[in-house]
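Only one chain is shown below, in structure tokens, and it's the form predicted alone.
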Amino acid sequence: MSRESILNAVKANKPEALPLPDIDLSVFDEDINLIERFKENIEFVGGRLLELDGLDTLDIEIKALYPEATKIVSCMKESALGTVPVSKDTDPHTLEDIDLTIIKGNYAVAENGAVWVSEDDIIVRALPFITNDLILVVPKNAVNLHMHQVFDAISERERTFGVFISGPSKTADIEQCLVVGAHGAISLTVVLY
């Protein structure tokens, strides 16, 4: 059977699209401290939370956390720590030895400790995954209770690449042994300001 005939058979047997169900999001409402819940869950997935009153001391706090980092990519104008310039034309292969990357996060999710990062803030898609350590900087007022709220918010954006990042890279596939940093950043720090 040729590829074309297989694809045509799949197209001919496609089920009709069904409307999405109406979901009463009020059933998920909880009267909780969103920042505290986010902190609990970011730590549960292996990350760390740093709370700041503003971004004036951002670089000082980052240097204190990562004093050995020398090859730094900053994708935020609020941080002057960048030592490696990147652009949309940067070959991701040249970023294999990046120590630290600083990226703006758009939304945080209290229920699972995830942060939504848009392609507009990453510059090079490989950056959050190829860096040794990752810092995501998110406004405190962008912390949402659950994924439904963030899905609503990001559904209004122009359709580009984006990703939810929750904790550092980890796997426990082999002999149920947890390995942190197996496929991406070894550490993740979320800065809320």
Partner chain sequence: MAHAEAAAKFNENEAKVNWHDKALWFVRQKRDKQAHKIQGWEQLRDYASALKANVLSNLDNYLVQFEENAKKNGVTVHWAANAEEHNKIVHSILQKHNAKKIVKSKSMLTEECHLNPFLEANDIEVIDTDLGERIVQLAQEPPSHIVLPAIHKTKEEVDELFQEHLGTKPSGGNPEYLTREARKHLRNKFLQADAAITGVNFAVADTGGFVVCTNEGNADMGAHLAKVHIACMGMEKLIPQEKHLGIFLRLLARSATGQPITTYSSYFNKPEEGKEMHIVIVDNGRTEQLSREDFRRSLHCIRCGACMNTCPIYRRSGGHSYDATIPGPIGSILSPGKDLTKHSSLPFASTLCGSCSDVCPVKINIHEQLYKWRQIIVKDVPQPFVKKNIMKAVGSILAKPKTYDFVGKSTRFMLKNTPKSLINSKINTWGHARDLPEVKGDNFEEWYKKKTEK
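Take the two forms, find the largest set of C-alpha atoms that superpose within 1.5 Å, and that set is the rigid core. The structure displayed is predicted, hence computed values, not measured ones. Numbering follows the first chain given and starts at 1.
As for the form predicted together with its partner chain, it is not shown, yet the points below apply to it.
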Inset, instruction - Look up in the predicted complex whether Glu96 has a non-hydrogen atom within 4.5 angstroms of its partner chain, and give yes or no. - result: yes
Legend entry - its partner chain contact in the predicted complex: Val163, any heavy atom under 4.5 Å: yes
Inset, instruction - May I ask you to check whether Trp116 falls inside a 4.5 Å heavy atom distance of its partner chain in the predicted complex? - result: yes
Inset, instruction - Determine whether any heavy atom of Asn112 comes within 4.5 Å of a heavy atom of its partner chain in the predicted complex, and answer yes or no. - result: yes
Legend entry - Answer option from Ile130, Ala69, Ile35, Leu49, heavy atom within 4.5 Å of its partner chain in the predicted complex: Ile130
Inset, instruction - Can you tell me which bits of 159 to 185 touch its partner chain in the predicted complex, meaning any heavy atom within 4.5 Å? - result: Arg159, Thr160, Phe161, Gly162, Val163, Phe164, Ile165, Ser166, Gly167, Pro168, Ser169, Lys170, Thr171, Asp173, Ile174, Glu175, Gln176, Cys177, Val179, Val180, Gly181, Ala182, His183, Gly184, Ala185
Legend entry - CA of Val10, rigid core aligned, shift of 2 Å or more between the shown form and the other one: yes
